[in-house]
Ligand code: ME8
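Next up: just one chain, as structure tokens, the form predicted on its own.
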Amino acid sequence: MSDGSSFYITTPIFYVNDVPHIGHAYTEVAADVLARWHRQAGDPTWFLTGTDEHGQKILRTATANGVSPKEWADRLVETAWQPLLKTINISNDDFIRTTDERHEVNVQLFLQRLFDAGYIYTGEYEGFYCVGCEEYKQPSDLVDGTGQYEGQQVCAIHSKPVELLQERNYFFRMSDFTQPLLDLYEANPTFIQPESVRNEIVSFVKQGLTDLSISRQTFDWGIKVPWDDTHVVYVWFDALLNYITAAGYGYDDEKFEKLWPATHIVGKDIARFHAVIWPAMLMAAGLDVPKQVFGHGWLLVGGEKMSKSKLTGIAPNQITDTFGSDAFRYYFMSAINFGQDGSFSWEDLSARYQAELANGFGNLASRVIAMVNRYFDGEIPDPGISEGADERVRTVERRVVDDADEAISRLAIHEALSSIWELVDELNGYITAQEPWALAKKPELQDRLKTVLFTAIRGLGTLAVLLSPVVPDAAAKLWTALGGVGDITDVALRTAYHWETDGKVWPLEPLFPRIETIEGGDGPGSQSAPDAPAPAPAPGTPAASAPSTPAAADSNRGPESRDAATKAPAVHAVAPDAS
């Protein structure tokens, strides 16, 4: 297995029963930020995402749309799921589909090995099954239905009735792993994070595990059980194996040894699959368990989890078409404490965009570069004698690099951004206090002007490097304007303050154009940039409450129509004040 130097990170593989919403995009962006950070820090990195294409839910959706399950999966992957990665600028190294031959063949190999080792047997099973979750439910997982489902027991997650199923299936001896799993959790307290998810799962396992039904006989859309083709593999048993089949299990031992184990980023509602069933499967096969399972919180709309079935799904492009992919990425990584639930609202997104990105960061960059162009014809000046204020900026630079990297090591993306924003605030305060526009009017203070602008330029370069994993497009534009040497993604992130320039700056277009209200006030108003940046809410503070009206959605095509809660304002660029 890996010696620990590599960073292999995964998202869940997503069901192709419908198009993606911002809840899916949130998971993708979080994993992408972590992957980009580790790559730029020099760690061998591999980032996997993909789609889950088997199971009863996919079969029913395809049948309802008059096509085969494979045709449906191909259509959704090509027109929705892979385009999502471009929409939000995801840098995945691999995209796996559970219909890939490399996956199907090696799922059968894994299953056969467990069968030969005595971990699989036949038995009868009866229970309540949620097709939406693709999971048998315990009585404690069900709630009383309301509305059209009043008088019925429904899934607590999907709010839809469960089905009573009785089948003769193959079972995995998961009960054998109750104590080994508890030992794992005790020996490695960070194996499951955050702490709230860990506590829930430890409590669940302490109640004792039952054996797991791992095959279905009532439908045929799935991977055939290798020794009995009248059964297909249970969709979760199939899906979890993507993390190793994509990494070379069964066909590329060298690749598998290099990559495995992985860090899994998942929604908290599926953490139990990843932190209980999955490590038990691996233990049975004699393989290393994952490095870590992180169950992040839900995105809420109107107080409920983002959901296509409940018509609360918002398509990512409804945000990116107005604010851009960088703002999408920054907002969801900074406005929500990673690991906790968070509410989305257009009002909060617009406010943070204006205060933190357009004003706090973008205006700072534009003003500093404009002053170097104005006062020194674009040549970055050599500094004079440093004063206390200059040394403080350099001290903050070094501290935030270390603090942000430490936060990333704990998957605390929101804390990393909060640390980085300390440098944004420090530079804005520095420019306001030093008043380079006033220094420029006094020939005897030219050396001081050079030092101030040199110090500000150095700080901006450090910010560009640190923010590259989060806002890659804006960071690359700033890097070019700063005359940065080479590709910004090649700059060692853990020593970002050592970045190099060719000595000349270039004009910089607004990194985050202002948002202007149109059609009588549907969105935030346009503002011109002030001389000194206005105070911005600190990244990492909770997002504002979500609107009470959910995004509308077509049951077949996904969340495409917009109502008052999801209508975004138009973009209008306002030139920043160069001071």
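Bear in mind the structure is a predicted one, so any value in this text is a computation, not a measurement. Residue positions are given as counts along the sequence shown, with the first one as 1.
Not on display, but discussed next: the form predicted together with the ligand.
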- Looking at 345-353, 267-275, 250-258, 70-78, which one sits within 4.5 Å of the ligand in the predicted complex if you count heavy atoms only? 267-275
- Item | is_contact(residue 297, the ligand) in the predicted complex, heavy atom dist at most 4.5 Å | yes
- Message: I'd like to know whether residue 413 contacts the ligand in the predicted complex, with contact meaning heavy atoms within 4.5 angstroms.
- Response: no
- So in the predicted complex, does any heavy atom of residue 455 sit within 4.5 Å of the ligand? no
- Any of the heavy atoms of residue 236 lying within 4.5 Å of the ligand in the predicted complex? yes
- Query: Among 242, 215, 462, 366, which has any heavy atom within 4.5 Å of the ligand in the predicted complex?
  - Reply: 242
- For the stretch 45-61, which residues lie within 4.5 Å of the ligand in the predicted complex by non-hydrogen atom distance? 52
